[in-house]
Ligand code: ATP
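Below, in structure tokens: the form predicted on its own, a single chain.
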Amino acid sequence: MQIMKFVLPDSVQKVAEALETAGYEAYVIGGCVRDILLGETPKDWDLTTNATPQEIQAVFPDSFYENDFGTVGVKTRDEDETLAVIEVTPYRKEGNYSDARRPDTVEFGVSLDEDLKRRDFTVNAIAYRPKTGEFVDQHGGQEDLKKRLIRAVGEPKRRFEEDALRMMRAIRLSAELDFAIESETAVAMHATAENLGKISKERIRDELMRILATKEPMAALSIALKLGLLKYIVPDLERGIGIDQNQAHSYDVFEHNVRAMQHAADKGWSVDLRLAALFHDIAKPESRRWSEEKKDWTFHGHEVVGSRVAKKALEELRFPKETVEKVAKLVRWHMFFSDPDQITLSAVRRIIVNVGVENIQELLNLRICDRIGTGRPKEQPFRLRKYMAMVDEAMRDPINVGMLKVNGNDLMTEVGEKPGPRVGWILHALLEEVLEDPQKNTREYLLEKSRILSSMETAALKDMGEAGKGAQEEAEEAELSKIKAKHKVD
């Protein structure tokens, strides 16, 4: 037994003291104890006690109990979000896990020893009693913290047969803490990998998101592949293994995708962008064709197919609609033509329209990730920097219907157009003109043009509304100079 007093947040200390004063035991438990011992600030706080859920709620009237696991949420009114609710769970003894997901039976208040035995990993099976400064560590968790190891509590195979999601948690913790997975634990993960197929997509998604949010998601997914888990997480990724690319690439499709994702992590970019980088070339295996003319592989249309593959995969993992649509857009348009000597500002504006103003910077960042993923050392060659300058220039101009100086209501009240699809076609026809010449974005000009468009037959108007015109836009010299200086281009 180790005795060591830690200074805990007041809210945690008060909850523990209230339980002890009421005659119960109170231990801080799990990941927060692990983080304390590692010198990290816990992201949340959990306590365990020999009190039942009903007894816990009697001590804390301002609490809630809405689950089958005995966990009571104690409201502390702390301004710190990580301390606003402290979870208190009775000691638990669990029965068999017949579905590899949840225990068939749960017994509350048995003993701390029994509670620690049912924990997932030794580093999460350390309890600390604030009242006495006592540590209870029956499974060598502190030693494994020193060795930087993720080791299952007790018999590893049994732990993963109980809850297969623990395998993903092992990989995630390994990536978060930069720990190795202990060999017997890894062997057991490989032996029980197929049980991950029984886990709900939502739970897999949540762990995947946390893995991608770590500093080393590439290493984590490589472990998942090695242990046979990846096929139950993102099965489409494995299709890229051994698929050689053209001479511009140093790696096969699989390694290229994960390296692109890793660069997004290295830059601290969003998890959405990391997802897009992971999926950006997902459809290259089915798009690959040999070109006799080039004597090399081609992948025409892989971004179009890849967008559909990414959308389906993310929907199956129950990602939010907003995330699915954003990632699908980034994948769809990641092959945008970026030769500044051959494209016009109109073309740049259309890319902004296609991907969305809110996503254009992430599309540019995805191109950077794509480039690094090929094995090229330079993130931003001159041509890409010049394209970025063109994006900044184009962003000064209207690039969606909502930025026009007239709206649908104006067309109905000022022009006399009736509600219906014609209103949208007129607005999009106006946008096409403004994309080509932003100076036309005045209320007077657009209303005058709207009257002309409103007199057209529906079929012709529809064609105008849906068709695009491209033309180069001359920018103000002073502003353009600033943009070029920003991106270090002439």
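From 1 onward, residues are counted along the sequence shown. Remember, predicted model here, so these are calculated numbers, not experimental data.
There is another form of this protein, the form predicted together with the named molecule, and it is not shown here; the text below is about that form.
*Asks:* Sort through 269 to 277, 310 to 318, 367 to 375, 167 to 175 and report the only stretch with a non-hydrogen atom within 4.5 Å of the named molecule in the predicted complex.
*Replies:* Selected stretch: 167 to 175.
*Asks:* Heavy atoms within 4.5 Å of the named molecule in the predicted complex: does E433 have any?
*Replies:* E433 lies outside the contact set for the named molecule.
*Asks:* Determine whether any heavy atom of D437 comes within 4.5 Å of a heavy atom of the named molecule in the predicted complex, and answer yes or no.
*Replies:* Flag for D437 set to no.
*Asks:* Can you work out whether R118 and the named molecule are in contact in the predicted complex, taking contact to mean some heavy atom pair no more than 4.5 Å apart?
*Replies:* Contact check for R118: yes, within 4.5 Å of the named molecule in the predicted complex.
*Asks:* Please check if D163 has a heavy atom lying within 4.5 Å of any heavy atom of the named molecule in the predicted complex.
*Replies:* Yes - in the predicted complex, heavy atoms of D163 and the named molecule come within 4.5 Å of each other.
*Asks:* Just one of D463, E40, D44, E55 has a heavy atom within 4.5 Å of the named molecule in the predicted complex. Which one?
*Replies:* Answer to the contact question: D44.
*Asks:* Counting non-hydrogen atoms within 4.5 angstroms of the named molecule in the predicted complex, say which of R350, R210, K326, R259 makes the cut.
*Replies:* Contact check passes for R210.
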